[in-house]
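Just one chain follows, in the form predicted on its own, and it is written as structure tokens.
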């Protein structure tokens, strides 16, 4: 109980902490805009000075510098923004409520400017406020303030990044999110795999299991408070549910044979998964409210890796019923099962985008594994990574970015990488040791 009690405290502070936003009035400006479809092509130059400290005899200035640093990293990692080096700044921001000298920022080619301040309140909470300025339009685009506890400063930074991203691109950000993954350690032949969660940028990793049994394929529910995963507790492969708030885990149905590849429905009320019987696996749906189970496929070959469409009406999955591993789509009741992947090689681990416009998958061809995307009807297939062993994609909640596992050599083994849908913006996500099987949470509420 001590371990999970501490875990609950951390999870509540990081994931569920109360943060209250308030908007400042601002003048209209529509000049500053980034096309999210352009990837790293022409990223927008943006200046983000360290946030001011509101209380001289406090840690406010350091917290302000930390928040600005995270915002710079978030936006820069997206590939859509180019945060400018603070050493190039001509003007020192001294009052965020006074418009900046826009000419000083045009000189360094900044198109956007973010100013902010952190102030410790009498009750110990932080007030974090920021303003987004259109440098060439000489107007304020956005102004918000948040009140929260000091330990939530990093989450505030991600929320600010999301607000800036949305205001400039017109689409939701993805920075205030978590990643559940499998943390790997130890030698290759005796790998210890633990269930873990972290911020989307790799910060705040927390281990949920101790590594005394194998865990695989974790997936968040729509509220990011529950994780479904496969575990070998007692050497019996089963699907389990892990409650992040309580630290409790429970087996999802006492099936006599192996269950695996779980994933929640968009409303969180159902789990779709694979169930193995007599050496063959089919896809089943369990209603979490009644525990009623419905069989969706009954093919004599292997059907697995199901994933719902965002409207809950369809499911994509992989099957070798055609003679090789390929991607299929069916209605949520199991009807109208049809193949959608017809390119060269094998295709598996399909995951439907939260936007509904694409399905990501793993392409196996010429001895290599790579990440690809295609439309739900199978058209427009594109390979977006060029690694040798890239597999298991997962979508950011805005459907613009993917994470995946890249298997390497050496003591670290597997690692987690991130790429946008254009395939142009690729980078590694820092993790404590080796890591695999990432799954993105929805935006934290």
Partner chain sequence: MMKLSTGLKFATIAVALVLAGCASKKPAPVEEAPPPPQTAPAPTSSIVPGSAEDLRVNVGDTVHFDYDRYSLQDEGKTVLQRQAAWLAKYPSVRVTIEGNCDERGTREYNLALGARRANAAKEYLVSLGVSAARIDTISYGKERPTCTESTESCWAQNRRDVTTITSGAAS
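Model, not experiment: these values are computed from the prediction. Residue numbers count along the first chain shown, from 1.
Another form, the form predicted together with the partner chain, is not on view; read the next lines as being about it.
Taken together, 214, 281 and 388 are fully in contact with the partner chain in the predicted bound form: each brings a heavy atom within 4.5 Å.
Between 366-374, 167-175, 247-255, 107-115, the stretch whose residues reach within 4.5 angstroms of the partner chain in the predicted bound form through a non-hydrogen atom is 366-374. For the residues 138, 243, 276, 201, the 4.5 Å heavy atom test against the partner chain in the predicted bound form is passed only by 276. The contact residue chosen from 230, 271, 359, 156 relative to the partner chain in the predicted bound form is 230, the criterion being a non-hydrogen atom within 4.5 angstroms. Using a 4.5 angstroms limit between non-hydrogen atoms, residue 120 is distant from the partner chain in the predicted bound form. The partner chain is not drawn, but in the predicted bound form it has a heavy atom within 4.5 Å of residue 188.
Interface membership of residue 308, defined by any non-hydrogen atom within 4.5 Å of the partner chain in the predicted bound form, is ruled out.
Interface membership of residue 193, defined by any non-hydrogen atom within 4.5 Å of the partner chain in the predicted bound form, is confirmed. Interface residues of 281-310, taken as those with a heavy atom within 4.5 Å of the partner chain in the predicted bound form (partner not displayed): 281, 300, 301, 302, 304, 305, in sequence order.
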